[in-house]
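There is one chain below, alone, in structure tokens, taken in the form predicted on its own.
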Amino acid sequence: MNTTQEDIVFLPNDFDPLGDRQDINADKTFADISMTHDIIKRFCRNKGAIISLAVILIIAVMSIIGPGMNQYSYSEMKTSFASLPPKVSALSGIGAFDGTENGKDMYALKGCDTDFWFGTDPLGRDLWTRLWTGTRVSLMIALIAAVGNMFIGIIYGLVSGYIGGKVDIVMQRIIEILNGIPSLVVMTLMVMVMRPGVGAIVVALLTTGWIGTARMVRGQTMKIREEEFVQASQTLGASTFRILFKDALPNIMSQIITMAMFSIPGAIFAESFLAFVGLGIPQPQPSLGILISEGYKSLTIHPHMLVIPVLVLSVLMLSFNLLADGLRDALDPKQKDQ
């Protein structure tokens, strides 16, 4: 059908000037979303990571305020109240915290008129106070070790991956030698040589804990150094320090943070293992490993001494692993299927 000039109909505003109107033939635009907002949004969709973060925060808060919630200290001994079962008068109706053992009211038998919420150990020390004090010590050791391992691994990996050549070969041979020795053997020897304490355990954890981070950082740095923005910085005369810490490092921080989170439960387990075999911090200072070691000796008679610290340790390690998974998926979704 042909359209003639007589068929064209003009509207009154057809020839009005457009002025500043910007919506003519314009594509639909969307609100700009920052990378931080996008990461938080992806993280919040992971319910397991959110719950794990809440659990970790609760345990961390309890490790701070828990020891001050009663009048006992972690080292105070009352041998007349030794090996008492857990008792919370407000929960005595459910049968788990009624202070009875083998059908006997142990608190009445020993003349104890106060509650020990998690019971006492064979020396009469309050397990509630010792548990949360020990949790604080274990968390502190694990966090210091994780930060130290991340720092050493970043420096070592950046230098090895960026410089390359003979320097990289020598540095990688050193890693292979250290990695060839079982890490638990290295940590055990380090603690035995040094004076027992928190410092010795941290140094032992730092001996080989940085190797995984260094290898990851090296591999990512070797890929990034071939990118155009790095070559442009080199062409413009940027220093090696600036290229490493201004160009390369920000592009691999997501993987570094993820590895640091995964290393925390490993450090907690390593500290617990050393304490369990008698190479932990000296008495009477507690840690989760020491409480497990002490509770293991009374497992058949007083199982609560072992069950409670084992539950806290297990929940803590599981929560950190789930949180690390959530951070990995949020910071770098491409790693999810790797």
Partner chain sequence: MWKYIAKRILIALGTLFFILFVLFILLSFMPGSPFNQLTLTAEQIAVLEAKYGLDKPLMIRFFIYVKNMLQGDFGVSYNIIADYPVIDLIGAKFWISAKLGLTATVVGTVLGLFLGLVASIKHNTWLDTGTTFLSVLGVSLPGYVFALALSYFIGFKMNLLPIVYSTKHPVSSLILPVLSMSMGPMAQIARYTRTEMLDVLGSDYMLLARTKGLSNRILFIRHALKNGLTPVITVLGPMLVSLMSGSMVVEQIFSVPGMGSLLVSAVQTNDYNVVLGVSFLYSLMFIVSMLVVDLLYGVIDPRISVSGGKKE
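Nothing here was measured: the structure is a model prediction, and the numbers come from that model. Residue numbers count along the first chain shown, from 1.
If you look for the form predicted in complex with its partner chain, you will not find it shown, but the lines that follow are about it.
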| item | value |
| --- | --- |
| Heavy atom of each of 38, 60 and 145 within 4.5 Å of its partner chain in the predicted bound form | no |
| Residue among 171, 257, 202, 189 with a heavy atom within 4.5 Å of its partner chain in the predicted bound form | 189 |
| Candidate stretches 118 to 126, 191 to 199, 73 to 81, 150 to 158 - the one whose heavy atoms come within 4.5 Å of its partner chain in the predicted bound form | 191 to 199 |
| Residue 181: touches its partner chain in the predicted bound form, heavy atom cutoff 4.5 angstroms | yes |
| Proximity of residue 300 to its partner chain in the predicted bound form, heavy atoms at 4.5 Å | yes |
| 4.5 Å heavy atom contact, residue 327 to its partner chain in the predicted bound form | no |
| Any non-hydrogen atom of residue 49 within 4.5 angstroms of its partner chain in the predicted bound form | no |
| Contacts with its partner chain in the predicted bound form - residues in 294 to 321 whose heavy atoms fall within 4.5 Å | 296, 299, 300, 303, 306, 310, 313, 314, 317, 318, 321 |
